[in-house]
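Below you will find one chain, with nothing else, as structure tokens; this is the form predicted alone, and questions on how it binds or moves follow later.
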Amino acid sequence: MIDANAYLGNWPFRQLRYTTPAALLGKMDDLGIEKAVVSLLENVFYKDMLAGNRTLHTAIKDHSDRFLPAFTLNPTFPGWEEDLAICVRDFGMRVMRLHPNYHGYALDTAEGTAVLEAAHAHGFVVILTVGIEDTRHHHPLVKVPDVPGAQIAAAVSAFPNLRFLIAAEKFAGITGIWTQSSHTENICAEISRVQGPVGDIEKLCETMGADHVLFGTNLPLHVPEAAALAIEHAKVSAADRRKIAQGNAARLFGL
């Protein structure tokens, strides 16, 4: 399998397992995950994204056969364009991760438009991270709503030639984004926060087509077996199961 949505690093509100490359690789081996697209979890809160991106690059450079880095950009931070240039030049950046809700901007603002235009110019895949964990579990002083689906639908419609992965979104949010978007060929979604209704994977395949659904775990924040079992028990064809488990991610990320 290929995990389309994972992290390395720590979370300030609870202790996590599988936060280091060695630990994450061990869990991947246990589950039969060949490769994972990873970002640095601390970059959700760092002011300086480049510091976190350097940490990620250093941590995984000896495991390029297993990890594909998704470097985080924050277009509200002064000098983010230079940070992007460094990530491209020094780290070989191919995938951009965005956290609009945690970084305090909307995708339809000047900042959001600028970072998506930069991604388009470089031919990146953009991981639009809707949330990190269930908002009911947030610290009472750090309540961060998920990125609104209508905002995401408008963004993917405005950039039909930019490839998007919708990450950490629930079933209703994914289907809402799909139906509200004027262009859908450029949209994929991973399933780490899809936890119902009954037959959720089958229903996503019916709505979006199996070519647009990807396996993702949201490790180390979520229990990865949930997503793996969802695919294993989904009532889809063997060919569609292979697409969801690895084929779609391999095509999207060029793996």
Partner chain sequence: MIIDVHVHTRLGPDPYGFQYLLEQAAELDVTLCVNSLSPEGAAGMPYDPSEEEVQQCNDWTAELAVANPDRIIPMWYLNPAHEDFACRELEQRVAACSGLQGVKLWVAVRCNDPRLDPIMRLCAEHKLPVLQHTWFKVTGNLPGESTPMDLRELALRHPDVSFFWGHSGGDYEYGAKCARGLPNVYMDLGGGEAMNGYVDLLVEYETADHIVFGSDAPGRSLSSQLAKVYGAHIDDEEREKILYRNAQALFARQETTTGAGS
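Numbering follows the first chain given and starts at 1. None of the values given here were measured: they were computed from a predicted structure.
What comes next is about the form predicted together with the partner chain, which is not displayed.
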Is it true that E34, V115 and K243, all three, sit within 4.5 Å of the partner chain in the predicted bound form, judged by heavy atoms?
no
Give a yes/no on whether S182 approaches the partner chain to within 4.5 Å in the predicted bound form, heavy atoms considered.
no
The partner chain contact in the predicted bound form: H137, any heavy atom under 4.5 Å
yes
Look up in the predicted bound form whether H57 has a non-hydrogen atom within 4.5 angstroms of the partner chain, and give yes or no.
no
Touches the partner chain in the predicted bound form: N186 (any heavy atom, 4.5 Å):
no
For the interface check, one of 91-99, 105-113, 71-79, 127-135 should have non-hydrogen atoms within 4.5 Å of the partner chain in the predicted bound form; which one?
127-135
Listed by sequence position, which residues of 219-255 have a non-hydrogen atom within 4.5 angstroms of the partner chain in the predicted bound form?
P220, L221, H222, V223, E225, A226, L229, A230, H233, K235
